[in-house]
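Let's start with one chain on its own, the form predicted on its own, as structure tokens.
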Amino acid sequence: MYKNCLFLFYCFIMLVGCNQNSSKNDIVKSRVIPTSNQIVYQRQKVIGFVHFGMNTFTDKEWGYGDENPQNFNPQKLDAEQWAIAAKEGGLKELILVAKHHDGFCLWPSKYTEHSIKNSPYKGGKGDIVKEFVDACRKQGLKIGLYLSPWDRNHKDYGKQEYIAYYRNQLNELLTNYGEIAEIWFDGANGGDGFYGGANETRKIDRATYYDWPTTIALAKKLQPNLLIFSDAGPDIHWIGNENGFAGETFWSTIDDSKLVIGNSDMNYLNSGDPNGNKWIVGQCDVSIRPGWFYHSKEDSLVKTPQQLFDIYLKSVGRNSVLLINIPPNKDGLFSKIDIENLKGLNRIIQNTFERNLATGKTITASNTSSNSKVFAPENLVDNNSSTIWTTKDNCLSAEININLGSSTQFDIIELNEAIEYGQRISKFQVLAKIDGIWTPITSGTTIGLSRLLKFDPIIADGIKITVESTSNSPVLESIGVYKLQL
């Protein structure tokens, strides 16, 4: 009898403990999760690119490498104007093109004569990289730099000697200008060029020539907190196009064995991989103009705030970071129309998302962790990103209902996973209660840090989110309901 009682008591304890999350630390994390630096990086949402250099003065996109440094002479360059415009435009970081494919350097590199030191700018004593980093720090912006792997000027490009040159310049940029948040490597890998007067085409083996693992290790040694962008990461990866659009389905996880800097499958980059072995944040790059460098003929073709917001929905709203390029003109200044349209984007974002129509509304869930105080569905509409909702362990579907209290007009839904536990949801549906009838209004696959769903305005008094497929118990940070404010 005594043994039977002990057995029954043991079974009761096991039953109570089964499928119970007692605290946030007890949530089973996914196999692949982001680093804390990656989370902070992605929460910036929108950052900026500054393409400025010799091409600005030759009216080209890709310089050949034979340009005369004397052509480079911005008369009114003001890096603080860039930084102020970026800050007022809602950008949290700026990345400067320190060297593009033509090889011309915006700092007085001691390893080449093809640099600002041989230009008329400030009598050859200028250093635009320094001006840039100083201005960004003054305005509280994080700093990134781009050093093109391809160099159409250097005589040794394609030979092993160039790799030493490239790493020497990387060392200059990462040791002489304080803390750098991001370094940008792209896939520009050889072709025709000046090459010190050879005027020929040089091709390289993209998989082996640069010995990227050694270069990346050097960068991380010089700046341990540095995040590195490339086709293959290791921290941030290209989205596979220059239109600023992530895939409708986009996973932050990806298989790095399938990635080669400069030779990765663009469709794969645009979708990620639910079975990927690495967490690499997606970055969507796009220029505010048709070109990446300034061309006066494009002054009437600057993307409008509304066009930029559409891109925002398809980048930030698809679990990625949006990188917007703003190219300074020949004076060395952002043009007025570029500044105004960037500010216009920020106004739309601020005005639209300043009021979550679901905040404080009555919310219920079909399944909630046994520790309902920690993981209550109310956490999803409390305007606090540090609180979360989750289900009992191994619950792979759930339904969340929000009672808006009265008829409410809206046209955007935002869903946010708590990605510190991994990216889990792969299928969901959103319904609205319109005239007493639950009506499907939108659906999706992946969520990640942020999923924004835009649709024609509707009037409803209730919203239902149905999680239909997930790799583990869904963990959501928040739900937003908004009305677009242009």
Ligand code: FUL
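Numbers for residues come from their place in the sequence shown, where the first is 1. Nothing here was measured: the structure is a model prediction, and the numbers come from that model.
What follows is about the form predicted in complex with the named molecule, which we do not show.
Site annotation in the predicted complex: the residue of 49, 57, 421, 41 reaching within 4.5 Å of the named molecule with a heavy atom is 49. Shown without its partner, this chain lists 93, 127, 285, 172 as candidates; in the predicted complex, only 285 has a non-hydrogen atom within 4.5 angstroms of the named molecule. Segments offered: 70 to 78, 97 to 105, 297 to 305, 156 to 164. Contacting the named molecule in the predicted complex at heavy atom distances within 4.5 Å is 97 to 105. In the predicted complex, no heavy atom of residue 334 sits within 4.5 Å of the named molecule. In the predicted complex, the named molecule sits beyond 4.5 Å of every heavy atom of residue 312. The closest non-hydrogen atom of residue 188 lies within 4.5 Å of the named molecule in the predicted complex. Although the partner is absent here, residue 212 sits far enough away that none of its heavy atoms falls within 4.5 Å of the named molecule in the predicted complex. With contact defined as any non-hydrogen atom lying within 4.5 angstroms of the named molecule in the predicted complex, 146 is the only contacting residue in 135 to 155.
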